[in-house]
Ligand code: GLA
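Okay, here we've got a single chain as structure tokens, the form predicted alone, with questions on binding and movement later.
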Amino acid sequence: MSAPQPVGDVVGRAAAGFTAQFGGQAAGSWAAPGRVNLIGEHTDYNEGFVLPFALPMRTIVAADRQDGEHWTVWSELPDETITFGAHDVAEPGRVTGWGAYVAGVVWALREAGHRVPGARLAIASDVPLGSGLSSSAALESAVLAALLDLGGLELPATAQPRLAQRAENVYVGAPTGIMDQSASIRCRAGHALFLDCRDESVEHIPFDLEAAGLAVLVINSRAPHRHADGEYAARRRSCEAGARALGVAALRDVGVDQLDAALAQLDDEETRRRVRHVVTEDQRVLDTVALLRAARVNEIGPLLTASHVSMRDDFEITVPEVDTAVEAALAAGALGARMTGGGFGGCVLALVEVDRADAVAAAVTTAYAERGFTTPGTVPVLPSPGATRLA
């Protein structure tokens, strides 16, 4: 296994990029993490419950003000610089590609009535792209933190995730729920974030893996996201149709004890499967939270595995690579394993005893080789803090 790079390495790359592109030193650096969702998949836009925690991998923005209403942004990964102005953030869609996530934050702030300062920004990150670890929310959250500080803008932490989500939903056009931005902004080290996606209330749930002798392995399946955007939107439409047919505001309003009766009201088998996943997944989140509150972290494994089975069979969002990773991890002794993220590729997490971590990682790598899949990446992670100013 390989550990994440120290945050300082990414900070240094962002600072060096700022100097190389713009000269001088940035006024400061701001960090926001990727996230892994311990449990609660596709429940967020159904106004249900999720339980993510922040990763040690982070996106760093080194930034300073510049005159006028324009923004110049360099990103490390494409090694590309873009510039956009007030005209480009007057309405959604005028900036495309990776820059849309930055322009979207400026647009959302302006739409909310804030006077956003012109700025130069340099971006570096060790959050893997396209792996279901929410690199887009990390980018949005780091940019938001930088612009708020540079402009002296007042926006409570409780309101920041919704604004960042609006940037992604409306400006970028990705129909994500509130979980990713909430985790990136509001998580605490050593805790999972229990988020009620209806009222956006949070509770920081202790998640002390080290004390329990456990580790969470994040396994990058290396599977390309196959039709992810269209399929994600289709799942959301199906859930909304199910809620309408059941006469509820959202599937959150259907309890497990009501599930059989609710499913009997639905004529379409596909809709029944989608509804069953969401209702049972909400309950699995609540059950996991109850165990963590009781410091019984070693007992949550079966809930994680049941979540994966539901995503595979009822929500139909897994792919062979992630199913293989889950099966191999469980066979090698993982206490539980599941795909995490929106699906159709991305990452798997496995809860393992520390002394089994290397064996589980090796078993997944072997299973991939036997099936001719690209070698997966495996990294141990601990719950980390949310967005912050570093310097």
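Since the model is a prediction, treat every value here as computed from it, not as a measurement. Start at 1 and count along the sequence shown; that's the residue number.
Here the subject shifts to the form predicted in complex with the ligand, a form of this protein not shown in this document.
Can you check whether G341 is within 4.5 Å of the ligand in the model of the complex, heavy atom basis?
Although the ligand is absent here, G341 would touch it in the model of the complex, with heavy atoms inside 4.5 Å.
My question is simply whether V202 lines the interface with the ligand in the model of the complex - judged by any non-hydrogen atom within 4.5 Å.
V202 lies outside the contact set for the ligand.
Would P52 sit within 4.5 Å of the ligand in the model of the complex, counting heavy atoms only?
Although the ligand is absent here, P52 would stay clear of it in the model of the complex, with no heavy atoms inside 4.5 Å.
How about G48: is it within 4.5 Å of the ligand in the model of the complex, going by heavy atoms?
Outside the cut-off, so no.
I need to confirm a contact call. Of C187, V143, M179, L217, which residue comes within 4.5 Å of the ligand in the model of the complex, counting heavy atoms only?
Checked against the cut-off, the match is M179.
Exactly one stretch in 318-326, 349-357, 64-72, 34-42 has heavy atoms within 4.5 Å of the ligand in the model of the complex; which is it?
Going through the listed ranges, the match is 34-42.
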